[in-house]
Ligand SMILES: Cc1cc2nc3c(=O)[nH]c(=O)nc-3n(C[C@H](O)[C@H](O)[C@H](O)COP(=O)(O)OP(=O)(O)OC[C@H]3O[C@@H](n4cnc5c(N)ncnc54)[C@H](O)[C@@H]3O)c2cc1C
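Listed next as structure tokens is one chain, alone, in the form predicted alone.
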């Protein structure tokens, strides 16, 4: 029987809980957080309380110690900064491989996209640490948390600078409006946000807008080296549709594309396409949905 461990700092692990259920066996959540989370669909919750002004990453060694005998188990972590620190510590302590961005996971195999999503590779393992999209928050309930008090490494938060906007959770988004190089200025992204507001959607972008112009933050970049998403609705605005981007949104159920170039590759995968200027089409769509 396979044991699955889920390492997290909050309740946004719905996709990981589903993966653990599909693997079978027992599932244990190790939650490093100020207060104990409530997680349904798992067998056990171990809560590691975080001391005031201490970063969660400082508990990476504690997490690795909790998993000291889990050499042949499956370890799942959300693709977030602190959780990636946990993944590295556990993999180093247990001499396990780290697998990033698997599209499906079993008890001893995983499917991993290669070459920008052009092909999938089946990876076999006897125990592994997998870094995946965490998903949405789970429902309240589940087993009573067990508290594990432990001393962290010597690290202290001395200052905090709030970001202009909260981190995106695109993995849990059911609707996404994504922006590409068809936008001429950062201010023009407001029309995309108006459409997203009308749809109750998250905004995202292709790589140039995150790593080239920095008009949007990197946590909103979808593509081969960014986020992988599978929303019910994906609207691509001014995005040509190169494989570097489409590999990140290939799991979308319905794709709508707006582009002035009728021969843009994005139209080959779009369910609905509009050949037109985003500066005319997008405001009209937002007005129709208002």
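Please read all numbers here as calculations on a predicted model, not as lab measurements. Numbering follows the first chain given and starts at 1.
Only in words, not in the display: the form predicted together with the named molecule, which the text now covers.
Q: So in the predicted bound form, is the named molecule close enough to residue 24 to count as touching (4.5 Å, heavy atoms)?
A: Residue-level check for residue 24: no, no contact with the named molecule.
Q: Quick one: does residue 277 come within 4.5 Å of the named molecule in the predicted bound form, counting heavy atoms only?
A: Heavy-atom contact with the named molecule at 4.5 Å: present for residue 277.
Q: Does residue 33 make contact with the named molecule in the predicted bound form, using a 4.5 Å heavy atom cut-off?
A: No, residue 33 stays farther than 4.5 Å from the named molecule in the predicted bound form.
Q: With the cut-off set at 4.5 Å between non-hydrogen atoms, does residue 231 touch the named molecule in the predicted bound form?
A: Taking the distances in the predicted bound form, the answer for residue 231 is no, it never comes within 4.5 Å of the named molecule.
Q: Which of 66-74, 243-251, 36-44, 50-58 has heavy atoms within 4.5 Å of the named molecule in the predicted bound form?
A: Going through the listed ranges, the match is 243-251.
Q: Please tell me which of 135, 208, 88, 106 lies within 4.5 Å of the named molecule in the predicted bound form, judged by heavy atoms.
A: Checked against the cut-off, the match is 208.
Q: Listed by sequence position, which residues of 185-224 have a non-hydrogen atom within 4.5 angstroms of the named molecule in the predicted bound form?
A: If the 4.5 Å heavy-atom criterion is applied to the named molecule in the predicted bound form, 185-224 yields 206, 207, 208, 221, 222, 223, 224.
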